[in-house]
Ligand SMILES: NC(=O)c1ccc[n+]([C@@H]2O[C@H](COP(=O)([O-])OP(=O)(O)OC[C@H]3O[C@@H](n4cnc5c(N)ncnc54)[C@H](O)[C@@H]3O)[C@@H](O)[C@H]2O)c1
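The chain below stands alone and is given as structure tokens, in the form predicted alone.
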Amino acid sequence: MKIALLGYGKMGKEIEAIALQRGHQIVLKVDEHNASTFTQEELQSADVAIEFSTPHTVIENIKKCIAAKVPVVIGTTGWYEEFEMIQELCLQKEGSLFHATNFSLGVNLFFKVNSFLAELMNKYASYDVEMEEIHHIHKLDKPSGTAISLANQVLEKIERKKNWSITAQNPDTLYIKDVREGEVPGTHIIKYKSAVDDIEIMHKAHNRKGFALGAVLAAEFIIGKKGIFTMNDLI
């Protein structure tokens, strides 16, 4: 499989290592030096693109992939306000798109646990719920895409919470504490607190390898397919 890496930072390099281990070839690497100059012809030399750039460049990269008819796996977060537009464009042009706020198998299992626990806790108003996410200082979006996915799961199940916020703390708002420190790959914590006890679940990534492997597996999965896919389809 020939892969275009749209974003060649720390995650891009991890993805490259995993891809090479699995017998794939990297035919294009896009970083800050060629982000605005790589051509459609260069992109079309790849069987699939893996997009881990920035919230500022991801939309244009997705559009380029759809125009070039190259399937794209998107790991960048901070762009989902434009999702409906991208979805419509992808379906209209018969493109192939795989998106996830987190490609780690562990995180996607954690999503299942989070949803199930929130459904149980909906009955018990004596417990308040809040979240915390911790990431490295280079992460541009706040809160993380994974935190937003977790928060939306809670909001779907906990009727007393109407929205989430990184600033407001009131009874009908799910508060997300966002922390940026050191080189933390990613930690997500959901806490249910009452006057008598606390219940807490946590996912803590030790490195980026789990995210990279998931992205490569998604690239392998999407080859030959049309439409829009997520980790639920892969799992």
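Quick note: we count residues from 1 along the sequence shown, nothing fancier. Computed from a predicted model, the values in this text were never measured in an experiment.
Note that the form predicted together with the ligand isn't included here; everything after this is about it.
Of the residues I201, A35, V184, V27, just one reaches the ligand in the predicted bound form with a heavy atom at 4.5 Å or closer; this is A35. Taking non-hydrogen atoms only, A100 approaches the ligand to within 4.5 angstroms in the predicted bound form. Residue contact with the ligand in the predicted bound form: R22 places no heavy atom within 4.5 Å of it. For E132, no non-hydrogen atom is located within 4.5 Å of the ligand in the predicted bound form, even though that partner is not displayed.
Taking non-hydrogen atoms only, Y8 approaches the ligand to within 4.5 angstroms in the predicted bound form. This chain is displayed without the ligand, yet in the predicted bound form the stretch 205-213 from 205-213, 175-183, 41-49, 189-197 comes within 4.5 Å of it by heavy atoms. Taking a 4.5 Å heavy atom cutoff to the ligand in the predicted bound form, the contacting residues in 114-153 are K139, D141.
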